[in-house]
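Form predicted on its own, single chain, as structure tokens, below.
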Amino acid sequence: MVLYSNSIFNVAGVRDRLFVMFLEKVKKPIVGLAPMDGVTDAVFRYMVCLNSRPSFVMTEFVNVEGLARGAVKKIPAFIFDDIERPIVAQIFGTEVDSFYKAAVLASALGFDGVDINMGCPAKKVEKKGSGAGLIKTPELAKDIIWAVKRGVKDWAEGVTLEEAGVHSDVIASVKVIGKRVQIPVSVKTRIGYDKPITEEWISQLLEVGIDFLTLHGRTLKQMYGGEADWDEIGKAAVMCREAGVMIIGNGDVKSMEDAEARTRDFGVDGVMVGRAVMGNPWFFGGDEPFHGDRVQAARDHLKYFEKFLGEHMAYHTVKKHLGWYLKGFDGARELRAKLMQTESAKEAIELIDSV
């Protein structure tokens, strides 16, 4: 795990690699772990990759304007371990210049790719014009993609963090160890704002030469309600094939068998899975956990939280994970109730060990 001490964030060494689309090298079908705000932090991703093997993972989205203004508190979102590779840094916002700086930073931190979030439907994100709000401003969306592409290229060609304009507080908080490589740029988005406009919207994104696309089969207005429209994803798959761009479908994938079926039936290169992985780090192996596996997962999650994130995140943020793990066996409800009353990871571990 990438650790930090004395407020210095030590970045994992970057393995020597050429500019090659990492998705072209992974086993098919591609089944990745979707980014989920407040869920896919370093410990959650570590647990997933420890117990099964997604084709790739993404970080929670990180606000580029915050990074540009020196918000060091956002840096822990970029903690990762080599076990998670290939790993993609996901960023969001609206300021073109801030996206450039964030792209250079993500490159310097050794990520395998950088993804632009154009799909988050949260009101606090959308009302500022970011996330899925960018569907309404395609010209701005394209300017952002160009800025990110320029950032990863400039890093590969030798620009320093200082020259790129990365905030001095952020620079002082990271220790960069890695080689100059150009990483892929991707977009994760939805089929429309208040109605599907898949062909119109995706054609705009393909104009600027993204390396791959992840498409969620719902509009912004749908949030996560109703069913994902995979027929719309299929339309985008045809467009992406013609443009030579890889496409990952997203929405309502519930099992590995489901992932294979949707990949085959809708012509995508793979899928990304989110909610089905909550409390189920075994998902990508297709295994069904036993009672003991669930208890051990809760114990391990607490242990890794305390070791890697406890100093930087409030303990209560881990409790939802415990609730997701501990279900489906006698006494689970009572154990969950007691754990919700604990005030530290250490206390929770002791409670689990006493059961």
Ligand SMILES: Cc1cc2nc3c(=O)[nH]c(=O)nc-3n(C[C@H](O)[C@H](O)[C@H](O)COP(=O)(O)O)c2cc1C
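The first residue of the sequence shown is number 1, and the count goes up from there. Please read these numbers as outputs of a predicted model, since none were measured by experiment.
Below, we turn to the form predicted in complex with the named molecule, even though it does not appear here.
Partner contact region in the predicted bound form: 249 to 257, out of 80 to 88, 249 to 257, 233 to 241, 150 to 158, criterion any non-hydrogen atom within 4.5 Å of the named molecule. Scanning Gly133, Pro76, Pro196, Gly274 against the named molecule in the predicted bound form with a 4.5 Å heavy atom cut-off leaves one residue, Gly274. Checking Glu65, Asp300, Glu60, Glu306 for any heavy atom within 4.5 Å of the named molecule in the predicted bound form turns up a single hit: Glu60.
Taking non-hydrogen atoms only, Asp37 approaches the named molecule to within 4.5 angstroms in the predicted bound form.
Residue contact with the named molecule in the predicted bound form: Tyr224 places a heavy atom within 4.5 Å of it. The named molecule is not shown here, but in the predicted bound form it comes within 4.5 Å of a heavy atom of Asn117. The closest non-hydrogen atom of Met278 lies within 4.5 Å of the named molecule in the predicted bound form.
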